[in-house]
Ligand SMILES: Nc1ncnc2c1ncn2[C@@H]1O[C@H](COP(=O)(O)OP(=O)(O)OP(=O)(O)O)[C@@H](O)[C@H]1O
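Next up is one chain by itself, shown in structure tokens, the form predicted alone.
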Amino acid sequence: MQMGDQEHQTDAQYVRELENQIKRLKLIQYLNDTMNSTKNPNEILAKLLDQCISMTGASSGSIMLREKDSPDLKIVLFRNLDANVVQKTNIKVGDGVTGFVVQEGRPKLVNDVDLEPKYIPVRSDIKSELAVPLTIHGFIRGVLNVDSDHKNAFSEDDIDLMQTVAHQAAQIITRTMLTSELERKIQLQQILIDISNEVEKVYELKTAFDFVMKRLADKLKIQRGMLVLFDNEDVNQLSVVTAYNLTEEEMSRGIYRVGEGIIGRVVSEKTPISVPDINKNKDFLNKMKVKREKNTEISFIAIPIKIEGYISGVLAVEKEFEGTESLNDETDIIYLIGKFIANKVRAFQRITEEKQTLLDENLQLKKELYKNYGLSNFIGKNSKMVEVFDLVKLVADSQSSILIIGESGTGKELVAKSLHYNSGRREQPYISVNCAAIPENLLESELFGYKKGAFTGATVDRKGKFILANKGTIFLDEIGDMPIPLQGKLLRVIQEREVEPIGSESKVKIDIRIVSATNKNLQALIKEGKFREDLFYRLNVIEVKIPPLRDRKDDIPLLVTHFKQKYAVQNNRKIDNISPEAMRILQAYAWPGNVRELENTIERAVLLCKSGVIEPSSLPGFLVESEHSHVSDLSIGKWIETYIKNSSYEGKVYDTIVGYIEKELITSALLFNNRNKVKTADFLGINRNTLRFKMRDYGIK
């Protein structure tokens, strides 16, 4: 009887575990379906919360988040709770069940709130509560909790389910935070560029100031702004000379002494000052007697106006507070804008060189703006390549110039095409130019075009690559080989977004995205005076660095499989597999020609394969079994011995062996040098005509 009871208990436990496993699998499936059904983070979080309530049998629930460096928890999403109660609920880290979970970083299950001293009621009939932490990058960002109007409503199994949902919710919150933050920073960067371009065209101080304020009001929702400058008569006194959304009477009261209030402190301390809420800051004097909403946090940003190292005044704005990080970013942008205003303050002189430097600094903010673009042309699981894939996804739809760095054969043009065809310009032209393959005297006309009669042989007008790529993308391959004089012209095209064909008296406006690539060290070329630094910063807004194949050898099996299938289909061959020995040889080789060389090798192997399985005999002779990809003397000796012992080769052993090695050497060198015969001849140290004759003799195309 006892044994029967034990068996019955074991069966019941097994059924329960099975049911929980099924419930967990259903939950995971639901989470995946939810993630794929919508891209709206708030909608996804709402669905996750609803699922938690449904699967645990809860009657209500919420998601709470905290700001960085803040002890306060804010309910950002809730179900079946009174909105007025939620708004008034103020929970800090350590307070209540949810505050405890955030503080300790572990789940908390309370099946009788009457026995829990930490419980803070948000609904009178709640009897049980379950809360799990939301952990993002090791930081407890918030808490996911559900409530029930029954005691003992939740179990340990519910904790597992909630933690599964919490993990998914944390990922969504992370993506939402990063996307929101980066979009905001990109917007700030664009505001800076727009303002700098427009202010340069304006000569009147008030006109320039009004334009800046209207743009900031439109983009950043600033409420007021003012420009405070030193009085001519009193070197220790400043007054408002122009303002946005302030009356003449209010402006007349805006008089400050050095060191007085926030404005005076900015001058005396020679540094920007920003405060989250002027209603709570004792240094904000409100001398202009402006009426403001007392229950709203209003931030105030004041930055010094410097001319030739001296403080000449203060630029200040105020707006609704949106968070510490936002305030810091906005302070940086206002500080930079102040430099443009400074030039207008000083007799409306031209924009300083510092402004140009700022425009050249297009930060790699778009690096982490994530978008779900599929890049089916990319093969690889190596961590370095995954970083490349993620980066391409992030920046594909941006408008910024991108510099792709990598050795020959790593797939730079594949990345360039992926950037284009996964962007909003995908329906527009994609134009590729190899700067190293076109003679120097022809490259300018190739890029910018020419008018009929511009030079001997110019019998008709010809559009250059930049004009042909208008509205689309131009890919400048081997940009490091572009001549210095042409680099200056390219820089002007990038700056002015205009192209002047050779022999033309007018310029053509273009809207174009520039993607460039190189296998050279441009920083070294800059030091040698062979590449312009200002052009480098224009092109290198975002850098995509592709690792060589030797640094991602774990991708070789994937690449081999891909190329094997590709060329088997193209050549109508049935290739079932590749032998472990052949794969080991491929993974041991250093691949100086990278993926392109590997692709060529697999294409050759597919054509030479006789058994349906690629064996070492189908691979080129220079591929060997050495871990460091060096041909051992023993391997060479054995290979030569097979010909010496074969009587059918008598009288032609020398030509056969030397010819085979020479053909393989020339083929590999051509691949390594991107099929450029001039470079290949120099690389091999032979005459160009000699290379051409040998290519003809060996049938190398």
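Keep in mind that what you see is a predicted model, and the values were worked out from it rather than measured. From 1 onward, residues are counted along the sequence shown.
We do not show the form predicted in complex with the named molecule, though everything after this point is about it.
### Residues Leu205, Ala316 and Lys339 all lining the named molecule in the predicted complex, heavy atom within 4.5 Å
Result no, not one residue of the spot touches the named molecule.
### Task
May I ask you to choose, among Glu250, Asp477, Asp329, Asp158, the residue with a heavy atom within 4.5 Å of the named molecule in the predicted complex?
Only one option qualifies, and that one is Asp477.
### Query
Of the residues Gly411, Gly449, Pro133, Gly264, which one places a heavy atom within 4.5 Å of the named molecule in the predicted complex?
Flagged contact: Gly411.
### Message
Within 4.5 Å, heavy atoms only: does Arg596 come near the named molecule in the predicted complex?
### Response
Yes, contact at 4.5 Å.
### Message
Since only the chain is shown here, I'm wondering whether His562 would be in contact with the named molecule in the predicted complex (any heavy atom pair within 4.5 Å).
### Response
Yes, His562 lies within 4.5 Å of the named molecule in the predicted complex.
### Message
Within 4.5 Å, heavy atoms only: does Glu260 come near the named molecule in the predicted complex?
### Response
Because no heavy atom of Glu260 falls inside 4.5 Å of the named molecule in the predicted complex, the answer is no.
### Task
Mark Glu407 yes when one of its heavy atoms lies within 4.5 Å of a heavy atom of the named molecule in the predicted complex, and no otherwise.
Output for Glu407 is yes: heavy atoms within 4.5 Å of the named molecule.
### Message
Heavy atoms within 4.5 Å of the named molecule in the predicted complex: which stretch in 149 to 157, 596 to 604, 579 to 587, 461 to 469 meets that?
### Response
In short, 596 to 604.
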